[in-house]
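Only one chain is given next, in structure tokens, and it is the form predicted alone.
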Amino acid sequence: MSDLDEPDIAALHKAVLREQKEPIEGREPVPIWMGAVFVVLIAWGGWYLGRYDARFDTQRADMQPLVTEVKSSPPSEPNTARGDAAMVERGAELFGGRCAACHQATGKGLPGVAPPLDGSEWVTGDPERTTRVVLHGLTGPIEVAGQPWNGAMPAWGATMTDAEVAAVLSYIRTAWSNDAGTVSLEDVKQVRDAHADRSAPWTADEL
């Protein structure tokens, strides 16, 4: 073999060394600026939900600032011996999800926001009166357990069935120190039908 037939090894290696390595997808680090954006968005989202979620309740008792601390104690055991235990238990669940944020799980109410239900003559008194309050709401000054209040309660009649209203009323009338009777579905239906044209909330004078 002549010298002309021998390959130039050094030249071949130089050509190989000039080639760039093949890129490997999926192993590139996340840019620092993108990580910072994610952190800012997560922090803002947490703040926004904590400030404006209103406990995911579309109706509030008044226009006062959101109460950020709600007592976590479970609803009181009702005096179920006087009524349907299953209905009262359902009422306790509904109360915890829709009413406890303002009236508190203890039924003691929240100063400046909602009056107490425990020991309230409005709760243990005429059940028709309390039914009207739950169905259509209440506004203006009112005296509860000897204390004056002036706020507003939303109407629940459009978002709660007669059975649900009866369950909540039965619970609050038999829970804590209250010792009143339960309210039936038929009782609620009669009140709703009697005031079917009512759209405005009640006032204490009207009740």
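Numbering starts at 1 and runs along the sequence shown. Source: prediction; values computed, not measured.
FYI, the form predicted together with heme C isn't displayed, but the following is about it.
Residue 144 belongs to the set of residues with a heavy atom inside 4.5 Å of heme C in the predicted bound form. The shortest heavy atom separation between residue 166 and heme C in the predicted bound form exceeds 4.5 Å. Although the partner is absent from this view, residue 101 contacts heme C in the predicted bound form, with a non-hydrogen atom inside 4.5 angstroms. Although the partner is absent here, residue 161 sits far enough away that none of its heavy atoms falls within 4.5 Å of heme C in the predicted bound form. Contacts of stretch 178 to 193 with heme C in the predicted bound form, defined by any heavy atom lying within 4.5 Å, are made by none of its residues.
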